[in-house]
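Here you get one chain, nothing else, as structure tokens; it is the form predicted on its own.
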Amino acid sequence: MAKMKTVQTRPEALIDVTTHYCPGCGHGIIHRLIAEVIDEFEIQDRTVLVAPVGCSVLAYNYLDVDAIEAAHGRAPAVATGIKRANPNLIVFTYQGDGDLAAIGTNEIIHAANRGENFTTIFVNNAIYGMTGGQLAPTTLIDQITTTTPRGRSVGNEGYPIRVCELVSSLITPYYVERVSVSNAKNVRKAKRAIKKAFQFQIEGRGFTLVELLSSCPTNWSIEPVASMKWVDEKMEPFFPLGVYRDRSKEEVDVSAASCK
């Protein structure tokens, strides 16, 4: 009889505990992808996580790295201070759409514009999760939330904010990509994007951001399996997947665009 062979193990950077996340939530998948990348680069002992308010705040319970909790929206400022104080550290923020694209918009835009050498993992589930399912900057048109019971309207709340498009319009960011964790194929692509973002940080290239489309079955009031389909059918058309900036493939002379 052939011997059984282990083909998958828990990453060392992922703590062996059960998460508190709702069934169908994408945070657990994303945590594992980050942990796998940390293991593969062998950077666990010098990685620092910065987690702000929201569902993402409890990431430090699951990732076995040094972690600092930031005020709501202020993770990029904290990450900037850590990285500048000790450039040898690998620093990443882990932020939701309500945090990054609402109260933290100013922080992420200016950190990206300065080209700070840290990585942002941006989880976009189109709603405020921890605080009760309110309208988020990324909530889709006609999407029902606790604060838009008739659905989001352009006249009242405006259009959803596309973070990758916004950040990539700046000159300085080095790498910006939007991926999804809605199915196995997308999860594999998501890991490649996260690994690439960390690689560029390790090489000292500058600011990197990976946006991950994820589900929130509880606040969407959709069954977990159906919520994955909702990501594909509803979110992807407005938030197209793909690389929005990869300066390793561009010949960009930033100094030519500066004031003289």
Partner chain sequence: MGEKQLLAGNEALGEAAIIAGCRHYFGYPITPQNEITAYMARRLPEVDGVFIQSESEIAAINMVLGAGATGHTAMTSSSSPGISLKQEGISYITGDEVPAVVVNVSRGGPGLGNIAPSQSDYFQATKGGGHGDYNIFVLAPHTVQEMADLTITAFDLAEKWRMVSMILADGVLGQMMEPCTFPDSVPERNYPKDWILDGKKGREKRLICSLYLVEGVLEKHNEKLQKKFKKAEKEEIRFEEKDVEGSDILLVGYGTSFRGQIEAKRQLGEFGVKAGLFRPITLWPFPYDRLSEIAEKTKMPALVVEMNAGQMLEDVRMAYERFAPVHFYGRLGGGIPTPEAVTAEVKKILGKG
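Positions refer to the first chain, counted from 1. All figures in this text were calculated on a predicted structure; none of them were measured in a lab.
In what follows, reference is made to the form predicted in complex with its partner chain, a form of this protein that is not presented.
Novice: Can you check 167 to 175, 183 to 191, 100 to 108, 120 to 128 and let me know which stretch has heavy atoms within 4.5 Å of its partner chain in the predicted complex?
Specialist: Contact criterion met by 100 to 108 only.
Novice: Quick one: of Cys55, Ala70, Ile29, Val37, which gets a non-hydrogen atom within 4.5 angstroms of its partner chain in the predicted complex?
Specialist: It is Ala70 that has a heavy atom within 4.5 Å of the partner.
Novice: Here the chain is shown alone; which of Arg205, Arg46, Lys195, Lys234 has a heavy atom within 4.5 Å of its partner chain in the predicted complex?
Specialist: Contact residue from the list: Arg46.
Novice: Look up in the predicted complex whether Ile82 has a non-hydrogen atom within 4.5 angstroms of its partner chain, and give yes or no.
Specialist: Heavy-atom contact with its partner chain at 4.5 Å: present for Ile82.
Novice: At 4.5 Å between heavy atoms, is Ile15 in contact with its partner chain in the predicted complex?
Specialist: Yes, Ile15 is a contact residue.
Novice: So in the predicted complex, does Phe41 come within 4.5 Å of its partner chain, heavy atom to heavy atom?
Specialist: Contact with its partner chain, no.
Novice: Using the partner position in the predicted complex, report whether Asp66 sits within 4.5 Å of its partner chain, counting heavy atoms only.
Specialist: Yes - in the predicted complex, heavy atoms of Asp66 and its partner chain come within 4.5 Å of each other.
Novice: Would you give me the residues of 210 to 231 that have any heavy atom within 4.5 Å of its partner chain in the predicted complex, in order from first to last?
Specialist: Heavy-atom contacts to its partner chain in the predicted complex: nothing from 210 to 231.
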